[in-house]
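Presented below, as structure tokens, is a lone chain in the form predicted on its own.
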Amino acid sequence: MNQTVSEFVKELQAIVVEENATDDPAICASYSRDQHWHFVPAKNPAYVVRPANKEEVRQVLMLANKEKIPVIPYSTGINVRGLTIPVHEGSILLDLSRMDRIVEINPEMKTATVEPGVTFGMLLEKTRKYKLRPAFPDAPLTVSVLVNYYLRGIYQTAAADGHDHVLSYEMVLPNGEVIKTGSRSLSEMPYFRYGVGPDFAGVFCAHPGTCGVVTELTAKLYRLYDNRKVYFIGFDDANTPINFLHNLMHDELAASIRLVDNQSWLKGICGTFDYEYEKLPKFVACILVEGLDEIFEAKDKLVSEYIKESGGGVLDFPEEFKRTFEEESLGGAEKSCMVFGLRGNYHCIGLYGPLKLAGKYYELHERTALEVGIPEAYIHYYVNPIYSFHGQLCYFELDIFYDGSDLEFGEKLRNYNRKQFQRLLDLGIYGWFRPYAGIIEPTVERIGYLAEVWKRFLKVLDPNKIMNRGKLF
């Protein structure tokens, strides 16, 4: 950088006004770490900048690109994977939380267009009046809609919603150019993903903040139905329910499905710890059926028949638990263990793979955790089947809940990751949920020349390597 710090801050303040750009160490320190601190060391950004619109984003990026200063985009600040923690000294933390407009709710097109600071709570409030909802992740209502979709469509989701919820978006590149994907590139209609040429929306997803800054995103919305019914079915192992879940997905019967252990996620969504969870079977399938009148009745009848054949037992949970699961699955108050926590901190490896490997993923999770000294009571599991069911697509979480103040336990988790990433790749997965710390190195070795193509793609978009530098390569 060829300017003094004070001169550079003044240039930033000229773009976003004085109170929205600072190098104050106290403010910068508040952006220096997140829940993933056992894996990503704390580091202060040199500057925090809070733009109000895409033109301010564009000007900040052009200035940073000129001076070759790393930029880390940041939305609402609900971070658990270290993606917005600086790697290099002298970085700009670009806090986009002021950009919180819901640009459009279009009930005719069943879409929502949002800026980075829009949360799921904000969007749910606006869409419910149309009997619509966004695809809803197992995450707090305070997380960014745009960022969750931009990461990879979305990770956990209601089974019936499918996996790809992003339609189009606009992105500001480091050189100040604005690109629009899908039908946005041809018209003011952002409602079709593929538009002209390749699927650029897909190309830009899943390596957040490393190409440019997404300032606006259009996503699908889904219907809210009045007819709903919830079932909880207990199983003693992770293999027995596989055929049952396959039948539900193959016949497209359930709106939402979770297979979880009897503690972590279940405790969270039920909204209370005053229940004898330890007396439940080790695994619980949480099933939600919904739909229009006669269609709903036909679905529910078939689900009941599959439950009888499942090898599991229907659990008599309180009505409050059932209502909470409905809200959790289809747009309501988030009560998952990521919010409440068990023992204070939450660690997971999130991945995609086929349902038929669900039992093997759990066995590997348990074996590796015990091997590095993690107690059995800390080991948790989560399976989310996702439509369309080609390839038996599921999102899996290998979870560990722990006391983050225990530094020795942090080393156990690092050992667990080193072993588990390699073992999962050996067993076979479709891919990782997001590029969090530690997975890129062992993974790029296995994807051949695709890794070189990926690197060259980023170099074309960001030749000065300012965008979230160091998070991938």
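Heads up: residue numbers just count along the shown sequence, starting at 1. A quick note: this is a predicted structure, and the numbers were derived from the prediction, not measured.
As for the form predicted together with a small molecule, it is not shown, yet the points below apply to it.
- Proximity of Leu217 to the small molecule in the model of the complex falls outside the 4.5 Å heavy atom cutoff.
- Shown alone here, Arg434 lies within 4.5 Å of the small molecule in the model of the complex, counting heavy atoms only.
- The closest non-hydrogen atom of Thr113 lies beyond 4.5 Å of the small molecule in the model of the complex.
- Taking the partner from elsewhere, Gly153 is found to have a heavy atom lying within 4.5 Å of the small molecule in the model of the complex.
- The stretch from 101 to 109, 68 to 76, 317 to 325, 299 to 307 that comes within 4.5 Å of the small molecule in the model of the complex, counting heavy atoms only, is 68 to 76.
- Out of the listed residues Ser91, Thr84, Ser168, Ser329, Thr84 is the one that sits within 4.5 Å of the small molecule in the model of the complex by at least one heavy atom.
- Think of it this way: in the model of the complex, the small molecule has a heavy atom of just one of Pro137, Pro281, Gly291, Gly195 within 4.5 Å, and the residue is Pro137.
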